[in-house]
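Included below are structure tokens for two forms of one protein chain, each presented in isolation as structure 1 and structure 2.
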Structure 1
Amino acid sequence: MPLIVQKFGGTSVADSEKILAAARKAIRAQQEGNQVVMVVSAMGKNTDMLVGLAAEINDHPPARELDMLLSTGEQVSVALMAMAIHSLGHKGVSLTGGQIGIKTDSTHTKARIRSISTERMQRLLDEGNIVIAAGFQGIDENFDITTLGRGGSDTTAVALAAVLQADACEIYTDVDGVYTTDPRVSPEARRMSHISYDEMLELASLGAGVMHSRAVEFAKKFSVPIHVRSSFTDLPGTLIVADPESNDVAVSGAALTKNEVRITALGVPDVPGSILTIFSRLADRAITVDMIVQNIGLDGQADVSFTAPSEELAAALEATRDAAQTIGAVRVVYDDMVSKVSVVGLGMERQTGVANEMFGALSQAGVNIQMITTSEIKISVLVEQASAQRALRTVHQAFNLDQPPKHLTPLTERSAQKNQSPLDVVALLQGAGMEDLIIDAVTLDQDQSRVTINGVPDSPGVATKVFEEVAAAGIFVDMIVQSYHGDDGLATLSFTAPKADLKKSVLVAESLAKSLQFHSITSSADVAKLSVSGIGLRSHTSVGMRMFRALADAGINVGMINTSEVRVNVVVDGAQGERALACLQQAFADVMQ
């Protein structure tokens, strides 16, 4: 018999009427011939109320006791949902995370799932019950209640769908699918029919609150199709699967991360270990680092910039200043009035000119770009906060995201089939660690060259002119990094391109230098790009640290960095490429798939 997991968020169970409506959806699914597992969140703002109550009692409540408190919200919801199902003449059984058998580690308030027992759930399903599971919670080896952190009910639902080999995982929420951007900011936003796991991971990390990164990581790892639907309408929603909506478009979505801070360490010694010192200090304080931009050093010094959530400014500054003093950096500066605008799409891996199109649109809108970083499927720019919403709507319009693609990608058998995962689900059920980091590739690319432009004017349109000329020359650009504008109002802009195109790239840069008054052009045909890719890079923040530590221990200096939710890239001297690859393969040997 087919099995469906349905997850209902807090707004979907906010009162008795909505609980009864959710119960009817589950009953209807069962009457259609499915076994049904419901995953239910706490009612409405219940969790926020409990957090506030705890704060009134204790400014710093013990994490164990906070989990004990917060878990009660979901227990209320599942009990009421079971009562609703019984009132409608059907059988339902509510279960806490512990009663299900969700085993986690002991990291209270942000625990990771280690294993899930299916025996009790399957027995209840076979007896004709709708199983109502409390989201967001589990138990550790000491039988203490743990919670999974933000988005924990989504994670619970996808995890249960994985271990039960469910035919579908339906996420019911207060929106009717995944949109090309936030419809509250851009009314032109369009609901997508489907979106790939990797694109959804990027958008989730950029603030698309409809799904949480951990849940999408789970879905990708175990090949669980997710169906995002509205609790209040019968619209078809959006499928999150292996395939993008269309293979013909480069960009599938745009996102705005409004409240960012940029912190820059100026004059960082351009030697092995400097990056490790900075980011180890940040990791020690559990600071969430987003964009990382390091450009090619000049005169033995480099500037290293990163962004972080605005609420973590004080702690991030303290950590960076501590690191700067240790390594002998000149000083640390920051800007707390910046926002990040990003475009995402699997098609970027195949199509040229995407960056140029984005930069050109922003230039025409009078939006100045402060920082740039790219990955294979994402381009992010930092802009002043006052221009952020205008910048988002501009790029959304530039890539015609309000229009459905002319040719939709049909769902392949890989997407349509349930749980066709290369991973051994049985082994993971037995305790190997369902949320463990999985690295699927550590690669070396020695076919790239690097061009660096020093003294780039801080004005709209400069990056556009550079990459218009680069695109016109038929050069396929890989990495782009534009670093902090210093006190002189000048920046450094670097990009990598195929070695065969280095001469053309330098000629383009030198031609532009005359009209735009760049200070100098440097280049190298001997660089090596190293990439670490896998599942769990967002939720396991140690990946970058492992890379930096392994390279520092080997005395290998990092020249450029860019990051995404599925890959971390660094550029080193070409002569060090093979040795750097061996170092990284050894560093990640324990988590290689």
Structure 2
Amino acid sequence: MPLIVQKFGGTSVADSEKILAAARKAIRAQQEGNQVVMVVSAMGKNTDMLVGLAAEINDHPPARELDMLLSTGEQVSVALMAMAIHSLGHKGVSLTGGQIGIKTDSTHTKARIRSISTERMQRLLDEGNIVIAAGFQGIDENFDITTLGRGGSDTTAVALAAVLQADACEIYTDVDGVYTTDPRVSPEARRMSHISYDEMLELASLGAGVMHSRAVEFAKKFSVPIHVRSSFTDLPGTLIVADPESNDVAVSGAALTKNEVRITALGVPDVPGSILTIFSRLADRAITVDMIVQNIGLDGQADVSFTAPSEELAAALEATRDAAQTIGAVRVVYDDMVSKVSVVGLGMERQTGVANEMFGALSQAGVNIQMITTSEIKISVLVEQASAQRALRTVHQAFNLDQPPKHLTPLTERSAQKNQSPLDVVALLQGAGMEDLIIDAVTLDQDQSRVTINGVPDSPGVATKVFEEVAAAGIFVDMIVQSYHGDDGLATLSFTAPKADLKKSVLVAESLAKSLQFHSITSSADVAKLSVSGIGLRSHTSVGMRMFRALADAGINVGMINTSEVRVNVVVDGAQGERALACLQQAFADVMQ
């Protein structure tokens, strides 16, 4: 018999009427001949309320106790849901994470799933019950209750769909699908018919709160097609599958992380191992960082900046200050009034000029870009919080995201099919770590050169001018990083381009140097880009660290860095390329597929 997992978010179970409506949906699916597992979130804003209550009593509540408290939200809703099913004359059994056997590690408040037992759920289903699973929670090896991180019920749902080899995983929420950006921020946003795992993964981790990013990691890893749809209407919704909606467009979505902090360690000794110390201190505290930017040091000193979610400010500052002291950095500064605006698209890999279009639109709207990082399928800029929403709407408009793409890619058999995963689900279930790291490749690109512009002034439009000219010269830029504007109001802008284009790139930079008052331009004709690719690399904070450690141990200095969900890239001196590749291959040998 087909099996369906249906997940209902907080607003979809906010009151008794809505709980009954959700129960009717599940019963209907059962009557249509399916076995049904419901995954339910806490009612309405219940989790926020509990977090607030904890804060009234303790500024730093112990994480174990917070999990004990927060897990009660879901326990309330599964019990009520089971009562609703019974009141409608059907059989339903509620189960907590512990009762299902969702085993996690012990990282309270952001635990990762290790394994899930299916026997009890399967038995209940075979007896004709609707199984009602509490989202967002599990237990660790000491039987302590853990939670998976805010928004984690999505992850419970997709994980259950994976282990039960479900035929469908439906995410019922308060929007009728995945939009090109948050429709509550930009009413002009457009619902997508489908979106690829990789794009959804990036968007989710860059602020599109409609899906928990780890749920998308699971879906990709185990080939679970996800169907996001409205609890309140019967509209078609959006499928999250292997293929993008269109192969023609460069950008398919935009996202905003409103509350970010930027932290910068100034005067970091530019020697192998400095970044390792900083990021290992952060990884020890399981802090997920983004937009890592290192200035190429002119005087043996570099500035290292990164962004983190604002709720991590205190912990991230503590970690960075601790590291700064160890490595002898000059000081640590931060800004907690910044937001990150990003565009995402698989098509970016094939098109030039995407970055310059984004920068151009922002400068025309008078938005100043404080920092830039790019990866193969995303561009992120850091802006002041006050202009964040305007920035998001500006880029949405610039890439015509409100308009459907001219050519839609039809859903192929492959993308709509379940369980195409090369991974052996059963083996994973019995072994440790459903959410363990998977690395599929470590690669070396020796065709790159680097240009660095020092002393970039703090005014809108500078990056635009540079990349307009670069694009006009037909140069295909790969990585772009711009550091933050320091105390002197100046930033450093670096980019990589094919070796054959180095001369042209330097000429472009030099031609702008006078009018834009750059301090100096340096370049390297021979850099090597090393990439580690896999699934969920950013939430596995250990990946960057493993890379930095391996390179530091080999005495190799890291010049530029960029991270995405599917890849971490570092740029090193070209002469070190082969050696760096060998040591990274060795460092990841145990997790390579």
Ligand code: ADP
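What you are looking at is a predicted structure, and each value in this text was computed from that prediction instead of being measured. By convention here, residues take numbers in order along the sequence of structure 1, the first being 1. So that the term is clear: the rigid core is the largest set of C-alpha atoms that superpose within 1.5 Å between two forms.
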message: I need to confirm something. Of structure 1 and structure 2, which is the form predicted together with the named molecule?
response: 2
message: My question is whether residue 80 is one of the residues whose C-alpha shifts by 2 Å or more between structures 1 and 2, given a fit on the rigid core.
response: yes
- request: Using a rigid core alignment, state whether the CA of residue 105 is displaced by 2 Å or more between structures 1 and 2.
  value: yes
- request: State yes or no: after fitting on the rigid core, is the Cα displacement of residue 532 between structures 1 and 2 at least 2 Å?
  value: no
statement: Cα of residue 144, core superposed, displaced between structures 1 and 2 by (Å) 6.5
